[in-house]
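Here's a solo chain for you in structure tokens, the form predicted alone.
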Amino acid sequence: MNYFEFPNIAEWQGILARPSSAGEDLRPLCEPVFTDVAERGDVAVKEYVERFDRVKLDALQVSDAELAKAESEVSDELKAALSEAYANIERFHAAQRVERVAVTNGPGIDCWQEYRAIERVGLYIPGGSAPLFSTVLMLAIPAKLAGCSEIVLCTPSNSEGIVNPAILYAAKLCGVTRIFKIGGIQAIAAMSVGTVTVPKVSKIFGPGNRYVMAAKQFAQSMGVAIDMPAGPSEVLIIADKSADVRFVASDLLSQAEHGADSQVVLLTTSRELYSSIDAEVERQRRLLSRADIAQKALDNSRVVLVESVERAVNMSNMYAPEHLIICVEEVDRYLPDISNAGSVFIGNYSPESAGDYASGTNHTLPTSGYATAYSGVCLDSFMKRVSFQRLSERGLQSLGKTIVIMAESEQLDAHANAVKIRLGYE
């Protein structure tokens, strides 16, 4: 872990520099894959799956028999946990629904906005050393609530062509319509251009490694929407003397175990916490099954002693973390000043793990500083807002002069004429 004491503002950016890019340098690898999949379809996808995932697939789509087998292999305990998490996530996202926004801007001038679901969406679910079945819930539940007519899911299989049973069970639970055993760039390409087997989608959601992130950004350049740009996962913790060093260490490690390129940051006003965190992190790290992965992330971690909570909040806003944990006295005093964060966890008993799994908020969040401009996935992510207006003759008469003046000032005479001809100006 890397330690810094009372840095000045000019040093902040360098101290909090992220360890790797979000995949921009990998984008040149994407174009030939996308082109090949567009030209050769399923054949190309199967070849890339065999090359990169080391598995030869007879069929890309998961069958009903495979879904039934997966359901029988998931323990009752995990099924119950998924059910509880499902209920909380559904409740939180259902509360975000806005049916209609309407205003009347004068007699005969009615304007309103209605929501429409994106008809076909694609979900990418990582399935490597840590198969993220929880992400299925986070993406498929709001997609279903939004009313998406087709929910397509891609996730890599193991070397035997088998998808993690918990991923398949969660997908069935959430109403995913079609599931494919495809990972990596080839999965994003297939959903972007469409093949005989894999339908083309309008928007792609989900996390992944740097290759997947690069592929999503390439898909966006081709006109396919994505949930957000993203990079390696990250957490920033703001803590004072009221924080429990054991809890802080566990939160740092829960993020570090995601991957070697994850970043964990601790900003603290407590000299005692600053001095003791290293030993506590190491004590807990040795007990983890992914201890080596966590250590690689910790090599790039930052522990910063700061003068005040206010300064820590300012530093956090500059960094714009994916996850922000704040454990300080009088915490509510500082919440209004938090402007850039994907998701905020407040107090000693709000671990990031709660939001990752079951509290109800979404864990698909902007990383790499994109929290300055992007929100995490929500119900709105799966919907479009369509504007409507209805003007009566009286309404158009009241606006006519304004419209004509503005249109003619922009030298768009046809726009002006569309009003004039209706109101008999000529």
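Every value quoted in this text rests on a predicted model; they were computed, and no experiment measured them. Don't overthink the numbering: it's just position in the shown sequence, from 1.
There is another form of the same protein, the form predicted in complex with another copy of the chain; it is not shown, and what comes next is about it.
Student: May I ask you to state whether A95 is within 4.5 Å of another copy of the chain in the predicted bound form, using heavy atom distances?
Tutor: Although another copy of the chain is absent here, A95 would touch it in the predicted bound form, with heavy atoms inside 4.5 Å.
Student: Tell me, yes or no, whether A371 is in contact with another copy of the chain in the predicted bound form, where a contact means a heavy atom of each within 4.5 Å.
Tutor: Flag for A371 set to yes.
Student: So, in the predicted bound form, is T35 in contact with another copy of the chain at a 4.5 angstroms heavy atom limit?
Tutor: No - in the predicted bound form, heavy atoms of T35 and another copy of the chain never come within 4.5 Å of each other.
Student: Using 4.5 Å between non-hydrogen atoms, is R40 touching another copy of the chain in the predicted bound form?
Tutor: Result no; R40 lies far from another copy of the chain in the predicted bound form.
Student: Consider the chain as shown here, without its partner, and state which of T195, T269, S254, Q295 has a heavy atom within 4.5 Å of another copy of the chain in the predicted bound form.
Tutor: Going through each option in turn, the one that passes is S254.
Student: When another copy of the chain is placed as it is in the predicted bound form, which of 150 to 158, 181 to 189, 287 to 295, 270 to 278 ends up with heavy atoms within 4.5 Å of it?
Tutor: In the other structure, the partner sits against 287 to 295.
Student: I have Q220, C378 and I421 flagged as a candidate spot, so tell me whether each of them has a non-hydrogen atom within 4.5 Å of another copy of the chain in the predicted bound form.
Tutor: The answer is yes: all three residues contact the partner (heavy atom, 4.5 Å cut-off).
Student: At 4.5 Å, heavy atom to heavy atom, what parts of 306 to 340 sit next to another copy of the chain in the predicted bound form? List them in sequence order, or say none.
Tutor: Contacts from 306 to 340: V331, D332, L335, P336, I338, S339, N340.
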